[in-house]
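Before any questions on how it binds or moves, here is one chain, the form predicted on its own, in structure tokens.
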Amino acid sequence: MKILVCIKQVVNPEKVEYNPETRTIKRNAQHLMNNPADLSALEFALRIKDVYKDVHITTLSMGPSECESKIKELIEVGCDSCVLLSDKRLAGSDAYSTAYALAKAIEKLGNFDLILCGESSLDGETSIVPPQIAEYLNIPHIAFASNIKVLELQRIEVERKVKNTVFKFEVNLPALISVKKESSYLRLPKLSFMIKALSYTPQVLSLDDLENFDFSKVGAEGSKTSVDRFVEQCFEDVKCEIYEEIEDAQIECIADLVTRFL
């Protein structure tokens, strides 16, 4: 089975800086991190490989060359190969343009049985890139998965949890699944993989490597949406109440607050 995991390198939310002229996020290599929801998707791919040894995992990222150091971290947990789509003509691309470019890169890389993505990226939070990729590739798509099981070759079961209810879907492969951020946590690196990562160089693709590519669909000019302005959000001070002796009504109030976040 060939699995491809789309992993975005985002700027650490605590260190985000904006370019007011281009209205884009400044990407400093020292502040980059792999998108947490995408790492949850990667963990599902690694769990499948734990069971089925013939599984090959490729990761696909899109961004500037500064992303390479973070991409190599994916080798440290057991990925077989990593690809970076990097081209200055992609600068300023929105979700629509990103999905188009990634879909064309996936077509270039070959036929994958399963494509996994995080539900959204920390810096965009649109959640629309995964379904758009699936539409471009003309394959089935299930969003916000909480678990994935391989039932048999070329068929998987996908679970989606909505509050206290779990919905189960079965889908034939190839398919694309977007994974909820909290559904799994990426395992720690292994020493043997860390040694491999030291000498590993990700494959880099440019737009010129992609076939039948429509350059008018990417970059700021090809994007359907753009950032209008940045607004600094101010947070109010959080009030904390401490109960030393709790009455039944207060217990119910606390229980209600806790269940809202489960």
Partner chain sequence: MEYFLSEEQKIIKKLAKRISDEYVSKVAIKYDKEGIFPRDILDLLAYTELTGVYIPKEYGGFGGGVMEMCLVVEELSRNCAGVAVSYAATALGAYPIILYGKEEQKKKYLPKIAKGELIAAFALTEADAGSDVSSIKTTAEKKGDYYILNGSKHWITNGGEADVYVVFAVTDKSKGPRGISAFIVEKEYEGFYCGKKEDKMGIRASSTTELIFEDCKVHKENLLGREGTGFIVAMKTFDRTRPGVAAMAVGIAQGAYEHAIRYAKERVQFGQPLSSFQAIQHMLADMYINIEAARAMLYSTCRMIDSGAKDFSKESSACKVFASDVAMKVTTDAVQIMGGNGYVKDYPVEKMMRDAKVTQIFEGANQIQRNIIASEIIKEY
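What you are looking at is a predicted structure, and each value in this text was computed from that prediction instead of being measured. Residue numbers count along the first chain shown, from 1.
Quick note: we don't show the form predicted together with the partner chain, though the next part is all about it.
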Notebook entry, point to check: Just one of 120-128, 87-95, 181-189, 154-162 has heavy atoms within 4.5 Å of the partner chain in the predicted complex; which?
Noted result: 181-189
Next item on the list: Using the partner position in the predicted complex, report whether Leu198 sits within 4.5 Å of the partner chain, counting heavy atoms only.
Entry: yes
Notebook entry, point to check: For Val227, is any heavy atom within 4.5 Å of the partner chain in the predicted complex, or not?
Noted result: no
Item checked: Close approach of Met194 to the partner chain in the predicted complex, 4.5 Å, heavy atom -> yes
